[in-house]
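Below you'll find only one chain, the form predicted on its own, shown as structure tokens.
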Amino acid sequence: MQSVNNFFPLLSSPSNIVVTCHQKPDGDAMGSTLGLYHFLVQLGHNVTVISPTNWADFLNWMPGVDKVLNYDANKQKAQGIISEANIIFCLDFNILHRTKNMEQPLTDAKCIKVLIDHHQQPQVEAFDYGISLTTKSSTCEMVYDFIVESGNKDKINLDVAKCLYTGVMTDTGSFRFPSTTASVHYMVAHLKELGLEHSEIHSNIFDTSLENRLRFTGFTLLNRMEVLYEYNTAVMYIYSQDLKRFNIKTGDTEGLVNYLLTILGIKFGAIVIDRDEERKWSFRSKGDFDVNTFARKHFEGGGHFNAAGGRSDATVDETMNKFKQLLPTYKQELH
């Protein structure tokens, strides 16, 4: 994988470009893809954003989201666009299988592939050009840097700004995580100078829940949470019938795992959700406990040092038992 700087000259020639991200895109995935989209169209490129799956309703306010193609719902059309692409940008994922059913079409595509991502251990052999920086707060911050370093800072308009702010804000926990470096604040200052109304974005993301989501949150905290103080760990487990009971949709479980770390003394928070076809894990930690390594070693996952995900084919109860049985091994690290 060559340096992304070597790719910059190719921006001057109009091309058919696909921009994609990981399945079930969050604020950073959707923000980075749409932010890059709004930049590239200004350069005269024919650009299509393809999401591997559907996305949360709280992202539907974003400029350009109405043009995003859902691969799962439009496979034939999406595959045709991918096959005709000259360039594919892969954002906010480090390995192709995180695009779920898009993995094979992306693998088969003979065009130039460009990676922009901040997760650990990227699949470098799958990309022609790219940048992978785990020290960056978000892929949105990296797209901002990409635009600036390519000499096109003047192309950051209000649409680009809204999209990129969304991702950097959500991935830094509203700027409270350690990844919020000085460069993040410099970026936000620039976006504010362009006229960005940040409070509107916060409201669009955090103040649009339906009543059932709030009741679901209360139910899970009361009935599906275990606190294991001997390991400074809290874990939550959610069955498929819980999701159905409260009519939970994509995105409605976003942020639940973070509640666990608000408990005094808790260093490790985990949540497992029954998604029918598999059980999905989310891991969060404080301090020096590496959940990326934990997820990779035990739950076929990975991510960042303090935030990672995983999966299991076992039942909720079975994978929960496995999780608990692993904790004694990490007792010293969790104290």
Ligand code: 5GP
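Residue indices: 1-based, along the sequence shown. Note that the structure is predicted; figures quoted are calculated from it, not measured.
Unshown form predicted in complex with guanosine-5'-monophosphate (5GP); subsequent notes refer to it.
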Checklist entry - Heavy atoms within 4.5 Å of guanosine-5'-monophosphate (5GP) in the model of the complex: which stretch among 296-304, 262-270, 34-42, 56-64? => result 296-304
Item to check | Partner contact for Arg98 in the model of the complex: guanosine-5'-monophosphate (5GP), 4.5 angstroms, heavy atom | outcome: yes
Item to check | Interface membership of Ala308, guanosine-5'-monophosphate (5GP) in the model of the complex, 4.5 Å heavy atom rule | outcome: yes
Checklist entry - Quick one: does Ser282 come within 4.5 Å of guanosine-5'-monophosphate (5GP) in the model of the complex, counting heavy atoms only? => result yes
Item to check | His119 within 4.5 Å of guanosine-5'-monophosphate (5GP) in the model of the complex, heavy atoms | outcome: yes
